[in-house]
Each structure stands twice: as structure tokens, then as C-alpha cells.
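Coming up is one lone chain in C-alpha cells, specifically the form predicted alone.
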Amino acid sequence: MNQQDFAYLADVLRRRSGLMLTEKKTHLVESRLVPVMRRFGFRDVGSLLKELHYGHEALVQAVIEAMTTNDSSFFRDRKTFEEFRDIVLPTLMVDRAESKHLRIWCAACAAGQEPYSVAMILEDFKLLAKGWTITLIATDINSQMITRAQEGLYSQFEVQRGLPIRRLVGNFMQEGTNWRISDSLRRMVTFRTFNLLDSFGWLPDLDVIFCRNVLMYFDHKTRLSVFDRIGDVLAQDGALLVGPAELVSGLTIGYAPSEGAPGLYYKTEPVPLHRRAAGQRLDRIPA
């Protein structure tokens, strides 16, 4: 792949998915495009990229899906799930005691390990048995991953990554060498293919949003846009959970970090313009 072809592909990915490519990844890009070439019958990468110029939507989607990083595991970054279990959920159970309705979104859910991990924690609290309504939405740009997530079938290797044996035995049924998640947990999650660059208008007001280990692949401007639109659908007392190493403060004025809980943010009131003009630091806005 020459420099011009790489630059064109990188531009398509940035505009259509937010993903950023660097020339250091040229060989990785080429290897990931091989299955796409075979699927659509192209003899080389150059022919594939030429066809992209014509806006072949199925091809564009296939290329985007080939470039996405789909590695995940159950209870990945365990600290995040402890914060959800010990801080976020108990607070919301008090604040939503009257409506008994929780709305949660897992963005960039890959093959479903994250939303199913959330569902296991919700089941620990027996919320459905106590009359609560749970809206648990999980999305990913990769339609193949969404199909896998809906199926809920995982290999031995996948269930061994982060899943305690008691949860495996209690929430999965073995099928040959694979494991299928229980019907009760599968029914709890609604999966949908969704591009984070598209409109969030279909989403309800949300109490919790997991958006982890995805925006790190976006440029600064796109990250700002996504965080702003997340703020539009997150309840005023809602919680945003990002990866432990990801920073939200300083990127946007809409969130404040939770003390002692890396990766947990709450919405803040908008900062009046006169306070900004007075020199208020955008990464230290009080909750």
C-alpha cells in the first residue's frame, strides 16, 4: 500500500467511523483487509480502495469493521465494575426508588462481554425480582460483533478471561467446547449496530453510560463531539464510566471526576461564560 492509498483509507475511516490510523500500522491494515478482499473478490488492496471511491456502502462498512479492535473480556478493568456495583448502582437505587427504572448504555460493546457483565451485577441485586424495569442497551459499529453478542456463545478461552468460576457455572451452559450465556441475562440486553458518529436521538435519557476503550482511537475533535452528545442523553445525576486510563476532564466542561474512583464521572452544571472569562480552569469544575 503506497502513501497515497494509506492517506485515502485513513481519511475514509476518520470521516465514517472516527477511527484514526497512523502509518506505523500499514502492515496491520493490509493484513486486516485480506478477508475483505476475498469476500468482495478483489485481487489486491489497490482495487479495493479504488472501489471505495464510488461509495459502495457494504464495502465501506466491511472495511470499517475490519479495522475495529474487538478485543474484550468479561469484567475487563475490574475496578470499573466495582465502582458501578459499590458506588453508582446503590446511589441510583435510592434516587430511582420511586420510578424503579434504570436505563444503561454500553457503547462499543464488542462481542457483548461488557453488557453481560453489567447484567450479572444487576442480577446480583435481584432488581427484576423486586419490580424494577431495566433498559440495558449495548451497541457497536461492528455488525458481526453485534451478531455474536446476541448469540451469547463464547469459547473456553473467552470465558476464562476475567470470569470467576462461580459466575461461569451460574450463568452459562456448556455446549461442546463453548459456553452459552443464560436466557435470562440475554433477554436483559438489547443489542444494536450503531456508529458513535451518528445521531444519538434514538437513545432515551440514560442513568449510566459505559464508553470505554474506544474514544482513545478518535481524534481530539471527534472525542469532544462524542462527549458532548453523551452529555445530551445522560441524566443530570447520571454516571459516565470510561477506561481507567482515559481522561474526560480537560476535554469538556460537562463532567467532573468522582474522587477516588478512576474513570467515573458525573455531569456538572454548565459553566457561565463570565466564570470562564474569569480564568476558571476547565479541568477543575466543581460537581
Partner chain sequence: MKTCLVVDDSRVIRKIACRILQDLSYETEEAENGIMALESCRRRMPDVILLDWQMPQMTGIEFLRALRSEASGHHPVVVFCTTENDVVHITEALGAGADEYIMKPFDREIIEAKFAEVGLVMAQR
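From a predicted model like this one, the values you see are computed outputs, not experimental measurements. Residue numbers count along the first chain shown, from 1.
Quick note: we don't show the form predicted together with the partner chain, though the next part is all about it.
Visitor: If we take heavy atoms and a 4.5 Å cut-off, which stretch out of 201 to 209, 155 to 163, 118 to 126, 101 to 109 is in contact with the partner chain in the predicted complex?
Guide: That would be 155 to 163.
Visitor: Going by heavy atom distances of 4.5 angstroms or less, which of T135, T91, Q174, Q144 would be at the interface with the partner chain in the predicted complex?
Guide: It is Q174 that has a heavy atom within 4.5 Å of the partner.
Visitor: Check each of R78, R96, R186, R180 and return the one that places a heavy atom within 4.5 angstroms of the partner chain in the predicted complex.
Guide: For this set of options, the contacting one is R78.
Visitor: Would you check, heavy atoms only and a 4.5 Å threshold, whether L168 touches the partner chain in the predicted complex?
Guide: Yes, L168 lies within 4.5 Å of the partner chain in the predicted complex.
Visitor: Does any heavy atom of T139 come within 4.5 Å of a heavy atom of the partner chain in the predicted complex?
Guide: Output for T139 is no: heavy atoms all beyond 4.5 Å of the partner chain.
Visitor: Within a 4.5 Å heavy atom cut-off, is D86 in contact with the partner chain in the predicted complex?
Guide: Contact with the partner chain, no.
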